[in-house]
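Take a look at this one chain, the form predicted alone, written out in structure tokens.
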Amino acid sequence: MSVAIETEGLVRRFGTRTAVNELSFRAEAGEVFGLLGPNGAGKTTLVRLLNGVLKADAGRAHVLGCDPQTQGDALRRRSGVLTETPSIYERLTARQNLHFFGTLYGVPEADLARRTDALLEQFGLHDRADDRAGGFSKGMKQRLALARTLIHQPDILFFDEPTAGLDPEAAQQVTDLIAQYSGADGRTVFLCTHNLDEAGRLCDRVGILNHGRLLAVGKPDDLGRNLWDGQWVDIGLTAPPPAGLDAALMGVAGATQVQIKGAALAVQVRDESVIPAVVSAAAAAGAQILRVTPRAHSLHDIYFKLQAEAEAS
């Protein structure tokens, strides 16, 4: 895959505070990359750096092959940004908003009306197309802002806390729409959020920030394997376990711990490659196996472990 975003040693300071601290990472074209961290971790500052709105104090960045510091105008014509505060004009109608921003982005007049109608329909705003945006609910304003973000068909989308402050129904609508557009036609999505459920649902890979410093980058499953020794596997049984089952399982090379409670069996193994041998040993010992479920560490587990380790260091 080609690289959509690449940074090396990126730094941004505000006085004595370092908001972005030597960030180095890559985001591939067509993937959904999530940047996770608490408020004040540096997520919004990074989005502004990557779009050429702020200048870096040190390091470098390239987005879609452009240097944001010297080619910001060209880059912003190819990117779309959605923040938690909708960037729309409330005295204009929904249609007028999309037409205005489309004109700013240089969308050809012949295409603008068609794109506007299509986006209003897609985002459930067609019936309110000629109403002023000031009368919309917060969720509707955010949907209009997302439509505005897409009017010029950008190659890369930056979402900065897009569902913050929305009620659960409105937040679900926005994430559904983001999921629909994520990765479409090779489009790259860069999602900044502290909503871990949102990130887990949408992101291919994540980076975790703490006070402007990147703690880890990767697929959640890979991060989990790197953070914890061993793997737990849960084995459901249709009947109480036979006598001696725990001893039989501890005899499997790579099995390190066995827990039995009723018809529930949990085995800790060195890694996933040991699981077939554990299942075979359980069956040979007379266990009546109903299901085998390897445990996966959740994104919540990974995030809080990394943050706790960073704060303790």
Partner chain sequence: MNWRTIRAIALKDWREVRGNKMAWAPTLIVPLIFCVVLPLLIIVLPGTLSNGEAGDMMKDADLELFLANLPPAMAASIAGLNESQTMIVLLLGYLFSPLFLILPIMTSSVIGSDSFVGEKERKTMEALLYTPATERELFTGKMLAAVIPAVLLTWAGFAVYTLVLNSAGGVVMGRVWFPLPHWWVMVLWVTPAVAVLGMMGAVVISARVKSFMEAYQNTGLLVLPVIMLVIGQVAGLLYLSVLVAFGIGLVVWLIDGILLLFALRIVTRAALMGADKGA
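Numbering follows the first chain given and starts at 1. As the structure is a prediction and not an experimental result, all values here were calculated from the model.
The form predicted in complex with its partner chain exists for this protein as well; it is not shown, and the discussion that follows is about that form.
**Q** Just one of A283, M250, V53, I260 has a heavy atom within 4.5 Å of its partner chain in the predicted complex. Which one?
**A** For this set of options, the contacting one is V53.
**Q** Exactly one residue in F123, W232, Y105, Y181 has a non-hydrogen atom within 4.5 Å of its partner chain in the predicted complex; which is it?
**A** Here the answer is residue option Y105.
**Q** Do R114 and its partner chain come within 4.5 Å of each other in the predicted complex, heavy atoms counted?
**A** Contact check for R114: no, nothing within 4.5 Å of its partner chain in the predicted complex.
**Q** Quick one: is R148 in contact with its partner chain in the predicted complex, heavy atoms, 4.5 Å cut-off?
**A** Yes.
**Q** Is there a heavy atom of F101 no more than 4.5 Å from a heavy atom of its partner chain in the predicted complex?
**A** Yes - in the predicted complex, heavy atoms of F101 and its partner chain come within 4.5 Å of each other.
**Q** With a cut-off of 4.5 Å between heavy atoms, is S137 one of the residues that contacts its partner chain in the predicted complex?
**A** The answer is no: S137 has no heavy atom within 4.5 Å of its partner chain.
**Q** Do all of K141, T163 and T175 end up near its partner chain in the predicted complex, with near meaning a heavy atom within 4.5 Å?
**A** No, the whole trio is out of contact, none within 4.5 Å by any heavy atom.
**Q** Out of the stretches listed (44-52, 28-36, 283-291, 59-67), which one is close to its partner chain in the predicted complex, meaning heavy atoms within 4.5 Å?
**A** Within 4.5 Å of the partner lies stretch 44-52.
**Q** Taking its partner chain in the predicted complex, which residues along 79-100 bring a heavy atom to within 4.5 Å of it?
**A** Going through 79-100 in order - heavy atoms within 4.5 Å of its partner chain in the predicted complex - the hits are V81, T83, E84, T85, S87, I88, Y89, R91, L92, Q96, F100.
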